[in-house]
Structure formats: C-alpha cells, structure tokens
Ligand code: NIG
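Shown here is one chain on its own, the form predicted alone, set out as structure tokens.
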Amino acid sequence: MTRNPGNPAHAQTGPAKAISEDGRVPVDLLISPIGELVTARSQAGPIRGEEMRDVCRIKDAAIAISAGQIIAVGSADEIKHAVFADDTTVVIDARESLVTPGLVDAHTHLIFDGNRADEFVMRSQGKTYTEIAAAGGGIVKSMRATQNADVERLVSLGRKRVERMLESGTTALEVKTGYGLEMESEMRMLEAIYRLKSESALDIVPTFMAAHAIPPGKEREAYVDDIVGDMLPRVVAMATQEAEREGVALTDMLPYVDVFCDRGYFTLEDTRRIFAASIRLGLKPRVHSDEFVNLGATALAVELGAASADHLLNVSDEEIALLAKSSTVAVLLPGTSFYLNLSDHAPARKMIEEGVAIALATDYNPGSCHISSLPFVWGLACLHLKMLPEEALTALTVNGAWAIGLGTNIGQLRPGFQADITIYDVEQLEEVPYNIGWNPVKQVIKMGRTIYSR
C-alpha cells in the first residue's frame, strides 16, 4: 500500500501541454477503461427527492484529468477520441473496478485524546448514552484527556485518523472541536484542525463546537457567556491569523459554529444566543439537532440559514417540511444510532419523499460512534435508513460537499470539477453497501494525484 499525505495544492505542475493538431486535449492522468463509473450530477445546490437516485452510470467509461481538474468524462471510446496521452501521461486501468467521486464526510469529531472503550462494554450490558454520561463518561470523559493534550499530540492523533478515513475513500471532511470545553483547550483543538488542514491532502473544513457539553463545575448560563464573549472573538482572531499565513481570504478560513441542542446539554435559547453572536462575527452555524429529544433546533437552523442540521432522529413532520423548503442540509448519521443500539433511526425515507436535501456522514468520535468508514455508513444507510445505493452515493458526495460549503468544486465527476476520485475493488455500485464490513477501496485520487493505493 502507498500513501502520499502531502497537500496536492502545494505540488508543482509541469508546463501546459499543447493541444494536438487534430484538436484533442492533452491529459496528465487518464483512467481508462473503467468497469462502471457512477456519479450524481447537480447544476446548482444539493440534490433532492427522487433525483437523488437518478445518478449517471456508465459502463466501459473513462475520465481524463489535467492540472488537477476533470476535463472529460464519458465512454472510453468517446474519451479516446477527445484527448491525447503522451509518454508523460499516467494511465490507470480500472476495467474491473467501480469509480465514484471521492467520498465526503460532513460530520466528524476526530480531534480528541483518550478513548472510551470501557463505555462500549457498558453499552453492551444495556447502559444508555444518558446513563453512561451520568456515571462520569461521555463527552466529559474525553474532555479530561483532551485538556491535558498539547497541540502536537492532537495533530499526531488527528493525522492517524485522517489517514484511516482516506483509506476508506474519504477525500474531504469536516472536523469539530468540542472536547476542550474551556478557552485554551478549545483553541488548541482548533489550532490542531488548522494544522491538519494545512498539511493534509484532503480538504478539511473546521467547525468550532465549544457548545458540545457543559463542563463540570460550570453553570450553563456562565459557560454560554464564556463562549459568546470570549471564545468566539478568539476564534475569529485565529482564523484571521491562519488566513494571513496561508495567503488566502478570511472567508476561506472561518470555521463553522456548532451547538449540541438537546436535553441535558444546551437549550434552544442558548443555541439561538450562540448562533446570533456567531453570525455577527461572520461565522455560519450548523447544529446537532433532535438526537434524543426535539427542542426546536431544526426550525431554528432553517430560520437562520444554517449550513446543516445533524442527527434528526426525532425531527418533526413540520420541521421536515421546513427543511424541504430551505438550503439547510440534513446530515444523517446512521452509524451513531447503530453504535448506540437505538431502535429508531432518522426518518430518511420521509425526508427524501418531502424533498429534503440529505447528506450522510460518520459522526466519528471517541464514544457514541467510533466508526470512520463511509463505505460502512453506506451499508447502514441502506439497511437502517432504507436508502437506495444510488441515494446513499448522492448523500455521500454531492450533498455532503454542499453541507460543508464545497459543493461548487467537489462531489461530482464532471468537467471543471476537482479530480477527487475513489476507485473500488468491486465491479458495480451495489457491491459497496452489499460488502458492509469490508473496505472495498483500492485507490484514492486527490486533485489528479494518487494519494492512497493498496
């Protein structure tokens, strides 16, 4: 197996190749032939309703790539006559393989220290999430370990987890803070995310989530005061420094802000207050909503134009209707309800029928969902959420990309999009969820360069 974790955006490209005399376009990378190419396609925005299953499937296909971008997609015969390859062109034979866009993980908590394997044993004995938290476990247990970790350790741990996700076909992901639960620890977590963003081959989108739990010994209202008055301004200051260091616009570095709005965590009024302060500072919200009880956070997300509302196991019919008319993406996390042994799962079928834009993600974290594989989540979505394989692919690519603000550039195999591609050791789409529990990914391409191969 080979890995190249360097950021492809920093790679040097050679001089542009001249168009041939017969008008064919030169290519750096040609994937041809391909057993089956499958991609969802959207002209603008996430895909909804029945269109989620209306994917493009091409047998004996090809993809042509130049300077990190896709320049042609179609049948192998069509591409052969549209482009030309010379002795510098890399050619990948995928004749017995499935090829899709790189997978997008729109919800992770991969920056933390310590582990909660003991809670897995407690859960296997019938303890609930709430009971485990009341016994001193849960988010607060991860807080204790994470508060003692320096930035270097958090980066090192995060790097290993990002690499594991890459091996499962993930090419872009969102990463949250939320296990520091006080100013300096939360800022170390955010700094670690920015470090990973800078060095990684993957697109990494940061989210600030100090409002993940109420730290022990702190009154909820006082902690919300800390977040609003002290932490959020520091977040913007750090983002400004990162933007200056990377030489990019501040908007490219501002993180999202997330709140866990649920019983025992943050109230709807807390959530509204944190989001109002965030929006004033130019930070866009996303929310943990309706996981255990419904406090109205999904309606608030729609009202405020949040990027996403996540979990949604207890979303109401009225809120589903609101989501369907909004730009807020519903990020469903079937790995979490599976991992917690819950009998109910998010009502994906109703959401699809109503026209909600649905994405899927791992919710990878140390306690309630220690699952990092999107192919595994794909299988769970089909079995537990009753989604079709095509719908799940759309949710894991196009819609996931829109949920983290990257939908204009990634998530589709089409000319002009970034060449982020996952190649599987199976011959057709349905075999990915069918092989649940086995990782079928054999090669990952990011911006036209192979960064993982086994």
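Start at 1 with the first residue shown and count on from there. None of these values were measured; they are calculated from a predicted model.
Omitted here: the form predicted in complex with ligand NIG. The next part is about that form.
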Residue among Gly367, Pro347, Pro375, Pro285 with a heavy atom within 4.5 Å of ligand NIG in the model of the complex: Gly367
Heavy atom within 4.5 Å of ligand NIG in the model of the complex - the one residue of Tyr256, Tyr194, Phe260, Tyr223 that qualifies: Phe260
Ligand NIG contact in the model of the complex: Tyr179, any heavy atom under 4.5 Å: yes
Ligand NIG contact in the model of the complex: Ile139, any heavy atom under 4.5 Å: yes
Touches ligand NIG in the model of the complex: Tyr339 (any heavy atom, 4.5 Å): no
Partner proximity in the model of the complex: Arg116 to ligand NIG, non-hydrogen atom cutoff 4.5 Å: yes
Triple contact flag Asp203, Tyr424 and Lys446 to ligand NIG in the model of the complex, non-hydrogen atom at 4.5 angstroms: no
Options 296-304, 246-254, 320-328, 107-115; stretch whose heavy atom lies within 4.5 Å of ligand NIG in the model of the complex: 107-115
Residues within stretch 277-315 having a non-hydrogen atom within 4.5 Å of ligand NIG in the model of the complex: His288, Glu291, His311
